[in-house]
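First, one chain by itself: the form predicted alone, in structure tokens.
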């Protein structure tokens, strides 16, 4: 049986937390779900429930990456470069740009 692999790409902080919950929902539906916080300026620290959602996603073999070191350190996200992300996206069955960029 082949499983779907999904990567949600978050472009702003307003949609990141909601997007992590969406990735968790996909993981519950037996998909390998990942998220990536793109070049966002420094995020806010996750609260307890948000951090718990991230841990639950990791328990289900998913993960959330970030392209900026500050966001990785603040919220315990996995660091990833744009080049590494490009390689990872080649393994995905679905890539979802998540959220709207606000001007």
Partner chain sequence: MTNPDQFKHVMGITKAAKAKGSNVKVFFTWDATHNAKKEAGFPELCKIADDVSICVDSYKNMGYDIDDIPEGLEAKKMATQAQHGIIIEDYDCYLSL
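Numbering follows the first chain given and starts at 1. Because the structure is predicted, anything quoted here is derived from the model rather than measured.
One more form of this protein, predicted in complex with the partner chain, exists but is not displayed; see below.
All of 14, 18 and 96 with a heavy atom within 4.5 Å of the partner chain in the predicted bound form: The answer is yes: all three residues contact the partner (heavy atom, 4.5 Å cut-off).
Contact flag, residue 26 vs the partner chain in the predicted bound form, heavy atom cut 4.5 Å: Yes - in the predicted bound form, heavy atoms of residue 26 and the partner chain come within 4.5 Å of each other.
The partner chain contact at residue 60 in the predicted bound form, heavy atom, 4.5 Å: Residue 60: no, not in contact with the partner chain in the predicted bound form.
Touches the partner chain in the predicted bound form: residue 51 (any heavy atom, 4.5 Å): Outside the cut-off, so no.
The partner chain contact at residue 56 in the predicted bound form, heavy atom, 4.5 Å: Residue 56 lies outside the contact set for the partner chain.
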